[in-house]
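Presented below, as structure tokens, is a lone chain in the form predicted on its own.
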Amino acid sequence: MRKPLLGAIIPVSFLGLWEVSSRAGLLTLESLSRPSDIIEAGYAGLRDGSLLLATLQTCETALLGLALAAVIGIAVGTILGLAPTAERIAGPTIEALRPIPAIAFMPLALMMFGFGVGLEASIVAYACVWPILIVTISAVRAIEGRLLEVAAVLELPVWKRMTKVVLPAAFARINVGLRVAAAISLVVAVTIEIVLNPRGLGYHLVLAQQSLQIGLMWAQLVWLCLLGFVLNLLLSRLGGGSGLMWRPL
């Protein structure tokens, strides 16, 4: 039996038990909709385009913030990984900033960017940069020393040394940080939309809850689960095929 089929046993069994229990009257809570009603509400949201529009809005800010964090985290992490002295200088500042919750910057970001993409993307980027930065530093330090020696013997410029030697050798490990940050990007984006920013899946979740559309609310939660699964799958495939994308000398 293939892995996807094995992985579907638990959720399919759970949904089947949920549906049967709901129809038998064993589950009577108003906050628990039937899986069939959830599917129907999700299909209606897809058909009228509201669910897709909210998804695009959430993905826009989550992926923009993730991209900004990746650029900053990989660039700075590579430098700090190759220069231990620079890491010792910057380390205390990083450790002071890293524990601050990203959500705490919402009032400041709101004053700087107002409602919209800038507000959300800036907070997502702040939350995502730390796992990417820390993993990149560790990945660069773990590079085989002989690769750096070869680059030095060939007298490669710094940018070629980075793109042809350092990043290809470290990318598989860096991708772990990207996958962690991708999950964080969705969590933070939806949280901001629920709390402050009137757009995206988080905002539509609140609207569904306030209008007592329980099936639609659950459908959006399931959709978020699928969205996170697909994003993680894409990044895992990217890391698995990194040898095809990045070619050393």
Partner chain sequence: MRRLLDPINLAAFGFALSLIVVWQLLADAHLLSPIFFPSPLRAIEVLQYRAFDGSLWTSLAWTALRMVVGWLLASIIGIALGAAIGSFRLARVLLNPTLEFIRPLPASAVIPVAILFLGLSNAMSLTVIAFGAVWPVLLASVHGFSSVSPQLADVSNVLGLKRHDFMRKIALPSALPDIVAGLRVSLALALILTVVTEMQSSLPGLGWDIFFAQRSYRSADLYAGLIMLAVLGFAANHLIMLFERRALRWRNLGT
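Here the structure is a predicted model, which means the values were calculated and not measured. Note that the rigid core is defined as the largest set of C-alphas that superpose within 1.5 Å between two forms. Residue numbers count along the first chain shown, from 1.
What follows is about the form predicted together with the partner chain, which we do not show.
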Exercise: Leu110 in contact with the partner chain in the model of the complex, heavy atom 4.5 Å: yes
Partner proximity in the model of the complex: Ile10 to the partner chain, non-hydrogen atom cutoff 4.5 Å: yes
Contact test in the model of the complex: Thr191 vs the partner chain, heavy atoms, 4.5 Å: yes
Touches the partner chain in the model of the complex: Ile100 (any heavy atom, 4.5 Å): yes
Listed residue (Leu224, Leu63, Ala44, Leu53) with a non-hydrogen atom within 4.5 angstroms of the partner chain in the model of the complex: Leu224
Which of 174 to 182, 132 to 140, 102 to 110, 70 to 78 lines the interface with the partner chain in the model of the complex (heavy atom within 4.5 Å): 102 to 110
The partner chain in the model of the complex - contacting residues of 190 to 208, heavy atom within 4.5 Å: Val190, Thr191, Ile194, Val195, Leu196, Leu205, Val206
Ala182: Cα shift of 2 Å or greater between the shown form and the other one (core-aligned): no
